[in-house]
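Next up: just one chain, as structure tokens, the form predicted on its own.
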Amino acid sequence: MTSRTIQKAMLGFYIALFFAYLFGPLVVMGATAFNTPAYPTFHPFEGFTLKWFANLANDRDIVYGLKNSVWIGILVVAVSVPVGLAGAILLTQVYSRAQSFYYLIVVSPVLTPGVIIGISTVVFWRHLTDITGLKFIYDGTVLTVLAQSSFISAYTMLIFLARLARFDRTLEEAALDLGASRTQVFFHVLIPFMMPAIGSAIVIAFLSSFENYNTTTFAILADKTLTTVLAGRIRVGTTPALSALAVAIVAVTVVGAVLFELFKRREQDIAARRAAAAARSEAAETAAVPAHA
């Protein structure tokens, strides 16, 4: 046995251990969702059943919390993505001496504990509601959207900054020289370039909102989301219905990732065929020039 063989064996062992640590809990959880005992049980497997998925669909609290989480996630995306894009663009426009201070201010919510953000949001908007009389603001859904957007917008801004670092400013200058307005440059030059980052920011913002608990548990007031419902259920004891919910979420995530990859490859194939057709057309035109000459 050589040192090379030992190295490969150890590398394989650590890779297997890593994937077992990563996917082992998912396998156990998935098995408990299809096992018949009333308490989540991996072994022994007494029998296959789908009743826990039926129980999950009939659970009003979980269904309501899920709908509320999706609705809040959509609102958070609608707020945090434009705010993050505006913050990233502004950071590239301010004076270089002020950039570090501005960056510290806009990123600070990421470094603030979620508990502090949730409590401060409730306290601030409660006093503002008392002063202004705008009662609709002091609502669990509205407060949760405001609290989550305060730090999720910083996440999206970091994504946009990474994309803007590769943006060629001469494209904007060329468009302005050709008579385009600032608005036209923004929508027809900058936004198309930022579309990959915008898509990534939408996904990150929605998932960050959907799984958030620390901020949500204080800002949601008497209302509930999926995370707060699950936290309350786990305190009194878990059931295989929660495993069924986890399996459903994982399945939706995997299907979404597969569909995204398929559409992405399809777009790449279409772009490659168009490029090949353009190359062949150009080559045919080039070959035809001497014949006409």
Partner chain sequence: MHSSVGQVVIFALPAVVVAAFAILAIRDRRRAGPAAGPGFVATNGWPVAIFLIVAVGLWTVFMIVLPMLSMIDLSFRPRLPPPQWGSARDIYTLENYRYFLFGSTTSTASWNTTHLKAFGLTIWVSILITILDFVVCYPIAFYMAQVARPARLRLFMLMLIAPYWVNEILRAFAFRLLFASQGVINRALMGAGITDQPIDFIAADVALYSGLAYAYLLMMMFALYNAIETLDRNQIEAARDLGAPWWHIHLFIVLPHAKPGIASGATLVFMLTAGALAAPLVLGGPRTLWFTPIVYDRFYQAFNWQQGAAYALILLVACVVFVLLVLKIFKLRLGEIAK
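Quantities reported herein were computed from a predicted structural model and do not represent experimental measurements. Residue numbers count along the first chain shown, from 1. For clarity, a rigid core is taken as the largest C-alpha set superposing within 1.5 Å between two forms.
Here the subject shifts to the form predicted in complex with the partner chain, a form of this protein not shown in this document.
Trainee: Just one of Val83, Leu75, Ile202, Leu164 has a heavy atom within 4.5 angstroms of the partner chain in the predicted complex, so which one?
Mentor: Flagged contact: Val83.
Trainee: Taking the partner chain as it sits in the predicted complex, is Ala246 near enough to touch it, meaning that at least one heavy atom pair lies within 4.5 angstroms?
Mentor: Contact check for Ala246: yes, within 4.5 Å of the partner chain in the predicted complex.
Trainee: Give a yes/no on whether Lys135 approaches the partner chain to within 4.5 Å in the predicted complex, heavy atoms considered.
Mentor: No, Lys135 sits far enough from the partner chain in the predicted complex that none of its heavy atoms falls within 4.5 Å.
Trainee: Does Leu221 make contact with the partner chain in the predicted complex, using a 4.5 Å heavy atom cut-off?
Mentor: Output for Leu221 is yes: heavy atoms within 4.5 Å of the partner chain.
Trainee: So, in the predicted complex, is Thr32 in contact with the partner chain at a 4.5 angstroms heavy atom limit?
Mentor: Taking the distances in the predicted complex, the answer for Thr32 is yes, it comes within 4.5 Å of the partner chain.
Trainee: Would you give me the residues of 105-133 that have any heavy atom within 4.5 Å of the partner chain in the predicted complex, in order from first to last?
Mentor: Ile105, Val106, Val107, Ser108, Pro109, Val110, Leu111, Thr112, Pro113, Val115, Ile116, Ile119, Ser120, Thr121, Val122, Val123, Phe124, Trp125, Arg126, His127, Leu128, Asp130, Ile131, in sequence order.
Trainee: Once the two forms are fit on the core, has Thr253 moved its CA by at least 2 Å between the shown form and the other one?
Mentor: Result for Thr253: yes, a 2 Å-plus shift.
Trainee: Using a rigid core superposition, assess whether Thr132 undergoes a CA shift of 2 Å or more between the shown form and the other one.
Mentor: Result for Thr132: yes, a 2 Å-plus shift.
Trainee: By 3 Å or more, the Cα spacing of Ile159 and Val258 differs in the predicted complex; is it closer or farther than in this view?
Mentor: The answer is closer, because the C-alphas of Ile159 and Val258 approach each other in the predicted complex by 3 Å or more.
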